[in-house]
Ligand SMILES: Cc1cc2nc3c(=O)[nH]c(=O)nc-3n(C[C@H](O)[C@H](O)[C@H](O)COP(=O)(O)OP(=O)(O)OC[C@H]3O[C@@H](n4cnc5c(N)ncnc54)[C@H](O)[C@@H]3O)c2cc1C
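Have a look below at one chain only, the form predicted alone, in structure tokens format.
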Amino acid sequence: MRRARVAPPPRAADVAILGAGAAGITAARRLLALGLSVVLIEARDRVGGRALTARLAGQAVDLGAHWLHAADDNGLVREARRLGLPLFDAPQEPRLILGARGADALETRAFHEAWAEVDDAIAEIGAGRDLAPASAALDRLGPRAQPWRAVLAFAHGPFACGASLDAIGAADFAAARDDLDLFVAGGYGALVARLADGLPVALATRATRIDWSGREVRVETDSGTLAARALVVTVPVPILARGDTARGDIVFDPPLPAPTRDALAALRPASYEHVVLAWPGGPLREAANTTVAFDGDAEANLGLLANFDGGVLHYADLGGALVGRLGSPQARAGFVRESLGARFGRDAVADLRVLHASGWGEDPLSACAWTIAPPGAHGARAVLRDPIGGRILLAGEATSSTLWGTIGGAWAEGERAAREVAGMLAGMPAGETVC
């Protein structure tokens, strides 16, 4: 995998940043450009968080985030273009497989019309009171769309959002921007890592306690204490919400304000995992980067990104409650093989090899793929953007109301936090400094 070439971290800075994922990286870049000193504190031995590119079977493979969602609003698309990295279009409409055969032209048209019908219904419901689940849209389907109800429930829920449509608020779903999706040559994780080159990062350093009782913020870590005038926290929401000191979670002293704690508790972890397949003889010899939807049980299905980046590798993606029921990456890999074998026949999967099965939900430093807001909780994202004590800001995909669940959202929120913290520091009296 592509590792960032980071600089030695200082022991004190204007701004300390917890987490060197996309939000932390862009916050650091923006603050440095404004002339402020920073230090990033990263518990992993690498940067990037849930964006990670590795090389499998000679091909760059993203083990976490892969799609550059909402390309028109995604700052990382601009960064890729600035660096001269090729970008590839990701088709929006999936190919539908019924049993072992591809849907015919009439079935495909009806399915795509039903897809648009669900999207329109969720948008209409979500524009009203923030109390309805996204699944309410399924009850508005017309007769022509009803045959596709189960596959639409899976494709819009576990496959798209990492949770069933019952668990997702229609307002949260409807607020998400998703106009144009792209892929970047060499991998999304590699792009994020490249953008961390030169930043001062303390790798393999776990923050254990944040003391913000005085005029400075003191960050206690397993390798010493760092001091800063302000703090940007980009740690995933489930880690902040659980506050389990036995598992090494961060303690805030004094505790975070009650509205912040309530907002953290309101959001829910989404479950979404890749199983990377080498399947050169498989039946899905599609054009590059073809999304495949299968008929079947909405709660026990999988989706496929076939022949990604033009090779013979495929992502089989699992989401929602099924991920937890299967319990481990190995069990999820077995489920994918069994499911494809049952659909296409044992001979069809004879040359199928599982190269990797992800486990972001089991990862103690992520605990989820991203966050969702259940019915009534979409406003929690805005609450998490509120400054804390005039010196602490939270940033990440979870704090974005429109790009939640995406690396692009984390990037935008890191920039937002950097602008706000710079304004905070500009308004502080000259004596309030530790640098």
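As the structure is a computational prediction, the values presented were derived from the model and not from experiment. Throughout, we count residues from 1 along the sequence that is shown.
There is also a form predicted in complex with this ligand; it is not shown, and the following applies to it.
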item	value
Contact assignment for this ligand in the predicted bound form, among Ile250, Ala114, Ala121, Ala306, heavy atom within 4.5 Å	Ile250
This ligand: the contacting residue among Ala228, Ala207, Ala193, Leu277 in the predicted bound form [heavy atom, 4.5 Å]	Ala207
Heavy atom of Val235 within 4.5 Å of this ligand in the predicted bound form	yes
Distance check, Ala380 to this ligand in the predicted bound form, heavy atom within 4.5 Å	no
In the predicted bound form, Leu83 touching this ligand (heavy atom, 4.5 Å)	no
Any non-hydrogen atom of Ile407 within 4.5 angstroms of this ligand in the predicted bound form	yes
Residue stretch of 29-37, 380-388, 53-61, 366-374 approaching this ligand in the predicted bound form, non-hydrogen atom distance within 4.5 Å	366-374
Triplet Gly19, Gly48 and Ala65 all within 4.5 Å of this ligand in the predicted bound form via a heavy atom	yes
